[in-house]
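Here we start with a single chain on its own, the form predicted alone, put down as structure tokens.
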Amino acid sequence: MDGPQDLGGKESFGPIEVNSPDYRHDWERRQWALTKLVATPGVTIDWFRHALETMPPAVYLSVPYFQKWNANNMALAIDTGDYTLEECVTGKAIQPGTPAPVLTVDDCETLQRSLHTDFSRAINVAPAFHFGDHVQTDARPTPGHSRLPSYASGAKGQIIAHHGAHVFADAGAKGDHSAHHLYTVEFRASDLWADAECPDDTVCLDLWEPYLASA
């Protein structure tokens, strides 16, 4: 993430609403359900996030959260040929389709459980780092989708856990579901922010091996 969607560590966006409701409007509940239960074939979570990240910054920062999901679902469905742009704009199908089945609450819960995905993979490559190793993250912005926050770019930290290999999000957003070793890296706040309010605090991030180099 190296764009408007990466707000971690950034200032001037006001306080975080820690007591905000899960949904502000009823349509947001329906949007959540549609996104979870009517998945577009072939669209992975990394591709979904990457598509959101292609929105113009001014749009991304001004449009409500679930409205972005709605626009993204429509764009992905058009891209995969589920319906056309004309059908999306008019809200009318050019050719009648098969009516969708009526789902009960039990049906929805069963379907939701089936969507849970294990992204761990077995690979024939030994981990490059081990517990206690000192590492430094990549300082260069990564084009496309990335799970390395910009505030942690070029920062030094220490490996405190190894989680095996998992599907690499950067590649997954491009349709390549290869895997790399995943670690938990601990950073001192003072290594992330020069004027950290509590410099002795620590921040832990789960980061893939391609983001890291020996420090």
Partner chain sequence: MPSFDTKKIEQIHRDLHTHLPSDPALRVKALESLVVEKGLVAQESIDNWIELYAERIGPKRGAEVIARAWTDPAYYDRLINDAGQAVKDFGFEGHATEHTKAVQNTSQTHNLVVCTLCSCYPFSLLGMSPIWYRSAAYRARAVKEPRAVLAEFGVTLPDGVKTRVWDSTAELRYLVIPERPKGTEGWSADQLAAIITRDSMIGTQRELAI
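Positions refer to the first chain, counted from 1. Heads up, when I say rigid core I mean the largest set of C-alphas that superpose within 1.5 Å between the two forms. Because the structure is predicted, anything quoted here is derived from the model rather than measured.
The same protein has a further form, the form predicted in complex with the partner chain, not shown here; the description that follows concerns it.
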| query | finding |
| --- | --- |
| Partner contact for Asp6 in the model of the complex: the partner chain, 4.5 angstroms, heavy atom | yes |
| Val125, heavy atom within 4.5 angstroms of the partner chain in the model of the complex | no |
| Exercise: Asp133 in contact with the partner chain in the model of the complex, heavy atom 4.5 Å | no |
| Residue contact check: Phe129 to the partner chain in the model of the complex, 4.5 Å heavy atom | no |
| Threshold 2 Å Cα movement between this form and the one not shown at Ala194, rigid core reference | no |
